[in-house]
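Presented as structure tokens, the chain that follows is alone, the form predicted alone.
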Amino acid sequence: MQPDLWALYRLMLHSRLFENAVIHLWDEGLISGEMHMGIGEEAIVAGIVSQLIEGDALALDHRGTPPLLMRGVDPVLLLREFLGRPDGLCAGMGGHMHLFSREHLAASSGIVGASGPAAVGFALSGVLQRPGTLAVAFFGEGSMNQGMLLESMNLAVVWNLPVLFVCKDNGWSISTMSPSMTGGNLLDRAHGFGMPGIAVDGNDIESFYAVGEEAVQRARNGEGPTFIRASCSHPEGHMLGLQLQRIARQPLKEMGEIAGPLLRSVTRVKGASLRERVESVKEILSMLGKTIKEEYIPGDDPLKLTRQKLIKDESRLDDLEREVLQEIEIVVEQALEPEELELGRTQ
């Protein structure tokens, strides 16, 4: 079935503008702590979540904002949660990583790889209580080195559970380039469990939607789990404020702070051998070079690619974008309103 690109673009744009607003609030100091953005993953999330039905479940990682929004979680409650308010989605105790919505059968965790066991549990529950439903696990490629995720994939195959294992691969595991820490081919790992494994461009919503549709139908037909490896990019890096991104964007300011310590570490009398130190510096410069390259020669943006497919109807596109922008502005305004309890105490 051909996807509704207009509906998908709306989901993706709503998520992007919401997260842009989150970045602004974080920069202003209204949101504290780490903040992991799902920017760059919108096509992957929309391509799956748009095909879910009532009773399907979501097991999410530390970038749970886009799937929760696209699944229908109240954005005002979500933003208040990020602000640490008691009237947030989880009473201000979950932050942006540890979220739960019973109504939407959705849960997220900041523990790397935890979405695997959660999805298997959701799927087993679905088989017993909600036949015809499925569970989705979203995670990054770094999670593929976590034992509990691989154990979950094994159980899903052995028990023939309706699970979609969706790996969002941006080539980075926090600040380490993934190929330098992960051996072999991720699809081969899935095949080793007897599970179909498919690689797809996670920036191309139509290609990803088709792959997702096949996996969804397999799960609903009782044919077991599927592993999808979707390539994508994270223009904001692993998390907001990551030093690699700061150096790429303000090289003179940021390099001035670390150049001295780096030089002293190489020239110290004690410590590792000179060869080891030089290799460490080369690795740091390699990571920095890759970050700068991605900053100034960015990968494909899923929203821009989708927008190009809709540009022929420019008037409709302008109306849609204006409407979504207004929705987000209202969400931010409502989320920042004083708490009702506080108003009551002041009266």
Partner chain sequence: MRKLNFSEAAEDALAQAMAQDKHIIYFGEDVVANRRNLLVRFGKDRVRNTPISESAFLGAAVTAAMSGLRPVVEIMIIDFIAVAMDALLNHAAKIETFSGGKWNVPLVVRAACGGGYGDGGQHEQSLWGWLAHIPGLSVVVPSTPADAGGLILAALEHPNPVIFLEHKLLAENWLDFMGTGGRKTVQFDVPVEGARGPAPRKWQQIPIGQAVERRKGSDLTIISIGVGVHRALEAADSLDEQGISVSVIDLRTISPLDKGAIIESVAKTGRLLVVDEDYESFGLSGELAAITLEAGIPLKYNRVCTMGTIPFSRELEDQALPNVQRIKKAAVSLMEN
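Positions refer to the first chain, counted from 1. Just so it is clear, the structure is predicted and the values come from calculations on it, not from any experiment.
The form predicted together with the partner chain is left out here; the points below concern that form.
**Q** I need to confirm a contact call. Of N160, Q243, Q129, N185, which residue comes within 4.5 Å of the partner chain in the model of the complex, counting heavy atoms only?
**A** Result of the distance check: Q243.
**Q** Please name which of the stretches 40-48, 293-301, 65-73, 278-286 has residues with heavy atoms lying within 4.5 Å of the partner chain in the model of the complex.
**A** Stretch 278-286 is the one.
**Q** Residue-level question: is S125 within 4.5 Å of the partner chain in the model of the complex, judged on heavy atoms?
**A** No.
**Q** Taking heavy atoms and a 4.5 Å cut-off, does L52 contact the partner chain in the model of the complex?
**A** L52 lies outside the contact set for the partner chain.
**Q** Is the gap between A57 and the partner chain in the model of the complex 4.5 Å or less for some heavy atom pair?
**A** Heavy-atom contact with the partner chain at 4.5 Å: absent for A57.
**Q** Find out whether any non-hydrogen atom of G88 is located within 4.5 angstroms of the partner chain in the model of the complex, and reply yes or no.
**A** No, G88 sits far enough from the partner chain in the model of the complex that none of its heavy atoms falls within 4.5 Å.
**Q** Going by heavy atoms, what in 163-186 lies within 4.5 angstroms of the partner chain in the model of the complex?
**A** Going through 163-186 in order - heavy atoms within 4.5 Å of the partner chain in the model of the complex - the hits are S173, I174, S175, T176, M181.
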